[in-house]
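The chain below stands alone and is given in structure tokens; this is the form predicted alone.
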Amino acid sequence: MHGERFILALDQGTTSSRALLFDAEARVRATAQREFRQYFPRPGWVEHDAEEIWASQLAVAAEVLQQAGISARQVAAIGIANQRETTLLWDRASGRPLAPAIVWQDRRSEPLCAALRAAGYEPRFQEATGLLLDPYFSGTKLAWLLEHLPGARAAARRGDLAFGTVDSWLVWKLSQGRLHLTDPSNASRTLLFNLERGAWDQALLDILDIPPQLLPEVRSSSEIYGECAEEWLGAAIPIAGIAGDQQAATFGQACLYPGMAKNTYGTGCFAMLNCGAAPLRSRQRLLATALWRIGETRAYALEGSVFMGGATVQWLRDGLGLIATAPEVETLAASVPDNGGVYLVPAFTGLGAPHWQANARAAIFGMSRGSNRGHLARAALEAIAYQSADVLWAMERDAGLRLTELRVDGGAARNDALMQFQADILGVPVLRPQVTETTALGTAFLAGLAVGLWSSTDEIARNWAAERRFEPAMGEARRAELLAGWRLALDQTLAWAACQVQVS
């Protein structure tokens, strides 16, 4: 082991910080995870403590080296994958955050988005960035901070402050303030980045009154940016790969060629379709986004985001107390033969793609006196698959193609019942990889490419293998019946949201 080289992948997620150590055969040699607190100060607000994110990430990085019994000098590079859109603002001199991080789920900037839409700006943002005007993205979160923190905008104009998504924050901390940068996959989630030009868009910055001095430098997704300070882990390790978590998962799934698609089942669900070297503008209210840039080679994707994936199961556990642990949902759902006519539309924080209805709220339909805990658990799992299918079908319409398979990953992808139901509803095979840690693997691949541990993307594609293939097994009549029930429930939820808008 002494002569081996490893990649340290930092996987900074919405509810926990994780670190994984990969060897040159892309095998996981050690892993560590640490959860951190979620803050909900007001309805629709979600916050993180930026210093707690950093402390938890550094702790697990040190833990995996200790677990594996290796020296930091054996680590060839560090790769970073991160929760996207979560917005941080800090003082350049002290390195201290000015406020809690505003998490991607947070909806506080919806009034600003509504005002911008009413002023006719959405087509301009969509054309430049591939995104819709929604509180999901970082730009309006940053504008909210500059507006509400006393003196922040003036300090930003003086160059005293730094903005970043979580990747930028971690690189800043690892390098002790020497590096302030991001990559296209994260920059393209801010509402501030021009997809065609691959650069920050001054016109959009002006609309939101965001000083450009705040912004990180945009570098490629795979290159040596600089080094981690020696004091953190015991060696000055190159930092060599960055990607937002969903783009990293797409790379880890080896969806490296146009037409390949993956879906990640995490807190939310995130489907991505590789569109090749040019952005594909959506007619289905999906997002055009940067996948990665390696050297001068750019890749783009269509993305559809479902806000409540695994978080729906967390609600069953934490909100209702129906289960003690998330894996128990599979057993509870299997306690009934079908959903009993019960449908859950989990719009707890609005609906994402392709609806983009921020005012929608969760609803349960079809309950009778005979409905029980099992039916609700089954409805929750099925809702994850229905939402994902709606997104994937919208992608097919935009791209003018028919999916031949879907590669899956994320915590909920380990749920066999959910994966089988997803295959049944989609009508195409669902493939779960042998290495399910695809987010960490993707950023490990990006970092490893930069330092020569892997020679090419073709070599990376050869490393991918399926652990299980779920074939569609549901009859067409039953499938049509279930989808009709889902669409009726969804239509009613959207109608209620429309009524709420009229009332307010």
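Worth saying up front: this structure is predicted, and the values here are computed from it rather than measured. A residue's number is simply how far along the shown sequence it sits, counting from 1. In this text, the rigid core denotes the largest set of C-alpha atoms whose superposition between the two forms falls within 1.5 Å.
What comes next is about the form predicted together with adenosine-5'-diphosphate (ADP), which is not displayed.
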(request) Please pick, from 327, 341, 259, 295, the one residue with any non-hydrogen atom lying within 4.5 angstroms of adenosine-5'-diphosphate (ADP) in the model of the complex. (result) 327
(message) Quick check on this chain: which one of 138, 253, 415, 109 has a heavy atom within 4.5 Å of adenosine-5'-diphosphate (ADP) in the model of the complex?
(response) 415
(request) Tell me, please, which stretch of 328-336, 231-239, 142-150, 124-132 lies within 4.5 angstroms of adenosine-5'-diphosphate (ADP) in the model of the complex when heavy atoms are compared? (result) 328-336
(message) Can you tell me whether residue 349 touches adenosine-5'-diphosphate (ADP)? I mean in the model of the complex, with a 4.5 angstroms heavy atom cut-off.
(response) no
(request) Using a 4.5 Å heavy atom cut-off, state whether residue 265 contacts adenosine-5'-diphosphate (ADP) in the model of the complex. (result) yes
(request) Verify the contact flag for residue 433: yes if a non-hydrogen atom of it lies within 4.5 Å of a non-hydrogen atom of adenosine-5'-diphosphate (ADP) in the model of the complex, no if not. (result) no
(request) Find out whether any non-hydrogen atom of residue 394 is located within 4.5 angstroms of adenosine-5'-diphosphate (ADP) in the model of the complex, and reply yes or no. (result) no
(request) Sequence order please: the residues of 389-413 with a heavy atom within 4.5 Å of adenosine-5'-diphosphate (ADP) in the model of the complex. (result) 410, 411, 412
(request) Using a superposition on the rigid core, decide whether the Cα position of residue 201 changes by 2 angstroms or more between the shown form and the other one. (result) no
(request) Once the core is aligned, please say if the CA of residue 294 is shifted by at least 2 angstroms between the shown form and the other one. (result) no
(message) Is residue 79 displaced by at least 2 Å at its C-alpha between the shown form and the other one when the rigid core is overlaid?
(response) no
